[in-house]
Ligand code: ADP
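Read the single chain below, which is given as structure tokens and is the form predicted on its own.
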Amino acid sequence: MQRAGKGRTPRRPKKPSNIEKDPVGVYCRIRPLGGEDEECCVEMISSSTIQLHAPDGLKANRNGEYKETQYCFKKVFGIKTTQIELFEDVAKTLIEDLIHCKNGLLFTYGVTGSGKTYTMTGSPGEGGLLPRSLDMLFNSIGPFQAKRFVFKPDEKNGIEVQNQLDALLERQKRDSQQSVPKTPSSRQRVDPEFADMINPDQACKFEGVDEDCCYSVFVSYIEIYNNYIYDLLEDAPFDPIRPKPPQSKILREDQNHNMYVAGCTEVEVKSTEEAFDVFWKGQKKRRIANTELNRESSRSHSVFTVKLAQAPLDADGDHILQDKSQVNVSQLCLVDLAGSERTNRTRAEGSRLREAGNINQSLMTLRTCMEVLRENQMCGTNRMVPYRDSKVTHLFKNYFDGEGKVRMVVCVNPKAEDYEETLLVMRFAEMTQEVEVARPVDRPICGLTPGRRQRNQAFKDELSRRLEERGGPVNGDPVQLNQLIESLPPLPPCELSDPSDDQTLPRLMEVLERRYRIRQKMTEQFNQTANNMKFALQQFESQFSSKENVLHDQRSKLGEKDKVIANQRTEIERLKTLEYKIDILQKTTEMYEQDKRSLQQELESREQRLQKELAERRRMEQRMQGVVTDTKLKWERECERRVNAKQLELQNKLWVKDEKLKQLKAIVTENGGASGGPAEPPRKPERPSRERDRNVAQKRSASPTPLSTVPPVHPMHRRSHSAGGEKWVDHKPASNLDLDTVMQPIIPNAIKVSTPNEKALSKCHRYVLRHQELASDGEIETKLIKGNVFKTRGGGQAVEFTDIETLKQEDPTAPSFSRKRRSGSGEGPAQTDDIENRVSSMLKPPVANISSSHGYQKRRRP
């Protein structure tokens, strides 16, 4: 790669911002599935878009990593794409740029077993990118190639031009030294695997070759194995006793700061067959192995470099200019990267495991370099790109700094087992498309007149024709020379038999004079013809130059038109991509609109349901207010009735007491009268009138019947409700006493705490507090206060109390009395025999109605 005026990366000065840049061309190729029953995870949506969907056995995580994703490329090639279609879209323009002295880099990327080697190399009858590139190159420059050893590598990544004599000596030296390996000859038998790589009907040719230049092709083949570079074309002497391992090569930087492999073998080839033979020689040395995922898995990165040297012809169009500054060298690197793989799938061990680690590390370094380049270009940063971390990136760093066009073919295996690896490859390809590379500049135009080779050949053809028409020698042909000599007058006999012979010499002189005159006329005629020929050639040259200028202008216009057409095609592709994206966005918008309508309908239905619930709640409140009002009136009446009944009862008791007092007074008076005189008979006291009681009885309403209204807020439950399947927090304070009673609250599946905390409350749904207090009768009363645990908006826990159970202990030996209230209507006349007992019984205070029981008595409080 000869480039003058270039600087070292990254020490080269900042390039001006007006330099045109092109993004890295990324293409995608999908290989067919191995079997019809295999599950496919890749779908080709359009000519530039594919979609990945997770296989059935792989569930999406909460981050949504395995949802369906789409990726866009410059072009997508399906399973039915042929090798020739792939070559015309991907590599054909790289060969044209190579002939125009522009560098190129083409590499295949993908997981192991995705078809990278097939894409690059191909198979018999289906040649890949490499053989088709070589075939197109030799088809284009075939008639204009220089002889062998005219161009010679200088072992410093440069090309020297030798004169014809030095080149001839080199060829003779090669032929004489049989021990030295020869450059393959086109007459040798080609390897059968590459004999039919390309169908002759599919041959390509570039018509824009500069005919005023001579060309020569040099190829080299290296591999990067375990981050070491090895020359696959090196002829190392074989020692069967002590075989030596191959020696690794090192990377160096030439005078133009371009990277190259020092000491790498560069072979000059003159035909496609020779190039195939050299490639197959190195391919046999490449390291491949059998793994669980690929029967012939590449264990190294291979780099096949095609270097094209070209130099202009001199002014006569016959020889090459012996000026090294006029030699232009361009190269095309065809790289077959080893596939990334996971060791848990390939089950690699030992050396295979080490190879897989180095392969993955080099690919990771390539990805890191792409990320840093993208960040520097998009964010305006100036981070150092870690090219030196891997031999692959270090070798090709000049391409990413603007030394040529870069294209990548992403090979995809659509089977479901490779989904996760394919997802990583797609992300890398998507990121690589955003990296821009400076567009290479065109070579300087030579100052010599174009069309020199054609004019030289035309002059030779015309000269041969004229000489053939006039019977002169054509290319020094002895037959035509003899015919020209025979056309002159014949010489007379020149033998002298007599010294006095005076006729032979005069005749000879006369014939010679005539021949001389004829020769003079022929020379004059030849000079005149030559002058006419020179004049005609000058006119022809001037006409040809004018036509060449016109043709050059037309070609320049055609080139501009082609650029315009190419830009329009690019714009059309971009518009198609935008149109497809717009369709996707429209479909997405329609889906969102549909979701919006459905959500609005659901919101309206919920609002209607909420309005109904609010109306029902208002009706329930009104109904409850009515029930409360009715209940309040009923209880007011009941209280009034009970007050009236209590008053009547107290009046009856007072009347009984008055009657007894009167009887006692009568007895006392009777005793006094017996001692003092007759007494007045006692007057029977009148009992209070019952008319008021009757009126009250008429006004009194019947006892209220139980109300079957809305159930209370906290309905009564059985004791076993607290021992259900829910998880409880059993809060028993440390100050509680152990009563050692038979009935104890047994709560299974409960967390017992003495002090409630948030950790315990967060694990349970129910809460119960055991509270002990002293009852009015001196006994200990235990209350079970229950509630529901719920989360607060601030992230804490709260308890809503809903129920209380009371456990009370009573002494069975305590006296208890019960007395029924006597009604006025069922009371008979009070007649007792013993006045003292009656009086004493009257003077006893009334005892409340008490129910005694053994053990605990349980009651609920709302």
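We number the residues from 1 along the sequence you see. Since the structure is predicted, the reported quantities are computational estimates derived from the model, not experimental observations.
We do not show the form predicted in complex with the named molecule, though everything after this point is about it.
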property: Contact stretch among 214 to 222, 113 to 121, 660 to 668, 626 to 634 - heavy atom within 4.5 Å of the named molecule in the predicted complex; result: 113 to 121
property: Non-hydrogen atom contact His53 with the named molecule in the predicted complex at 4.5 angstroms; result: no
property: Contact of Lys808 with the named molecule in the predicted complex (heavy atom, 4.5 Å); result: no
property: In the predicted complex, residues of 23 to 51 near the named molecule [heavy atom within 4.5 Å]; result: Arg29, Arg31, Pro32
